[in-house]
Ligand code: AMP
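Let's start with one chain on its own, the form predicted on its own, as structure tokens.
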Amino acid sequence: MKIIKKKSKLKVALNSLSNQTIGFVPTMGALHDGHISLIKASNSRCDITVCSIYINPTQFNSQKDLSNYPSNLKKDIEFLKKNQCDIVFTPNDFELYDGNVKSCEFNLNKLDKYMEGKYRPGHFQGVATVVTKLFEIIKPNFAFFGEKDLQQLMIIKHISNESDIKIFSVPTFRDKNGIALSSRNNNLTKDSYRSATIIFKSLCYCRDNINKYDIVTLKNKVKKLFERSKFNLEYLEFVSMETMHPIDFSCHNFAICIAATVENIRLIDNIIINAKETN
């Protein structure tokens, strides 16, 4: 596995590959088995897999959240070596932002209006900025993103719509209790991690009772569940897969999305219901 820090060296390495398909997995490190599922998806479709590790400052809403984001580059590199990654790109701020660390402005087609876009203003402009920069450097044939960050996935599909890059979505990777794997889980206490099962259980409850109760009733029932939990419910939304906007009743192609916090740690998750093929 090659470890490359400079974008100029990465371009040289990639340009030397002739007629080989390149798969790209962008990450912010603190790698776990969910990331490995993306690596495996890339390996199954591509000749070469490139993984980036970069904690992007423009997608954070506070310096404290940025500072608290878990990071262990040495451990991550060893993790990638064991899981058949070909190239890992570990740039610094200057390599990606050339000394001007700020977001560009993208037309996100109002996909960012609700949920994460509402609670984390500017977040998706930061995501779109760094992903676009990485795409321009790596020029992959395929890029792989997890469904756990569903709104992000749909926004990246939108901004990549006119490019030659094919965006693949990979199902959320969960532990045996249903908790979605997330780098932020590293910051949870053992007790909080056990309590985090309420997130997926709430999603499953809504999915299993969507034909029994209306959406307002389901939201109220979940709110009551959280009142007895140490987690604080930030939002529970039923959204169209096409627009990421809330819906009032179930339709053919929608998702149930949730965000909750505990001890200043914020977790998100979702379940896609009757989704059309999004790849």
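Residue positions are given as counts along the sequence shown, with the first one as 1. Owing to the predicted nature of the structure, the values given are computational and were not obtained by experimental measurement.
One more form of this protein should be noted, the form predicted together with this ligand, which is absent from this view; the next part is about it.
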| If you check in the predicted complex, is His32 within 4.5 Å of this ligand, heavy atoms only? | yes
| At the 4.5 Å heavy atom threshold, is Gln125 in contact with this ligand in the predicted complex? | no
| Any chance Leu181 has a heavy atom within 4.5 Å of this ligand in the predicted complex? | yes
| query | Any of the heavy atoms of Ile210 lying within 4.5 Å of this ligand in the predicted complex? | reply | no
| request: Please pick, from Tyr119, Phe135, Phe173, Phe142, the one residue with any non-hydrogen atom lying within 4.5 angstroms of this ligand in the predicted complex. | output: Phe173
| remark: Note: exactly one of Leu225, Met28, Cys251, Leu66 sits with a heavy atom within 4.5 Å of this ligand in the predicted complex, namely Met28
| message | To test your reading of this chain, name the stretch in 201-209, 165-173, 105-113, 80-88 whose heavy atoms come within 4.5 Å of this ligand in the predicted complex. | response | 165-173
| Relative to this ligand in the predicted complex, which residues of 143-160 have a heavy atom no more than 4.5 Å away? | Phe144, Phe145, Gly146, Lys148, Asp149, Gln152
